[in-house]
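Quick heads-up: it's one chain on its own, the form predicted on its own, in structure tokens.
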């Protein structure tokens, strides 16, 4: 992403539940970074999208809103959906998935990093020893059946896994490019021993891997990957996988480093990108001021890195460094990490550290 101007326009979608609270802290940190950058500014515009918007207008992602946000340089999202607000077929409203599909955001990035040994259930690991990236296909796979309608009284319900050559090509190239910036290893996670669609997926991976002879590869079945991620997560660098598998493994790996409150994400296409915490709207704690904003704050850092200017990349590094500094003190934790800090207090700590980060 390039922009010759010094102003970036960001569409802000706080969403539902704790999304509003964590977004406020993400914006706070973005403004702290903005004050440190040389001439770089961020013009923010908030839009209403999600279950609450459906209750107001009858559409969780109004057409006018969708068209409007396409004009922005990036989209920053809080959390969407409420368990009690559902479509007639019983599934929850997921406008965040609609955005991925309609904007062709095929490359889901889910970085997983351990900042302090006290935050992992795997107590033998210290800060930085768990540091991996899941590259999740975000537009097809098993999720492609989500709009299927099951007839009343049906005796069978079937979902189909969709794997296309076009999307797989792009996904694998993105994964190899990420590995080149990291430790040079890509692990394909699939179920090619059972599913023909996964065997096809693996075949495309093998073809694309030949374009990147400098990057090492390995292939692991998804059930074995779940085992190895618990036994030896430090060995993984970049994991690339199908949509549903990526959804599941992202939560597993988030649990290895403290939970979804520290799990940022990005869904990136060739033209658009959405940045959001990996967690949901958590309506059970909404309004209490105890949600962890770190995942949102780190998603802001991912957005700044993707904007791909020297100053925005410097801003991304500022945020990463500030989070590392804050987490060095064991007491600097929100409730989900057995601490006492409020959402706002955690945001304040990160913003304050930005001032001292070069």
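Please read these numbers as outputs of a predicted model, since none were measured by experiment. Numbering follows the first chain given and starts at 1.
From this point on, the text means the form predicted in complex with a small molecule, which you will not see here.
The closest non-hydrogen atom of residue 303 lies beyond 4.5 Å of the small molecule in the model of the complex. Not displayed here, the small molecule is kept clear of residue 254 by more than 4.5 Å at the level of heavy atoms in the model of the complex. Of the heavy atoms in residue 233, none are within 4.5 Å of the small molecule in the model of the complex. In the model of the complex, the small molecule stays beyond 4.5 Å of every heavy atom belonging to residue 141.
Distance criterion of 4.5 Å from any heavy atom to the small molecule in the model of the complex singles out 285 from the list 161, 222, 285, 185. None of 259-267, 143-151, 213-221, 195-203 except one has non-hydrogen atoms within 4.5 angstroms of the small molecule in the model of the complex; the exception is 259-267.
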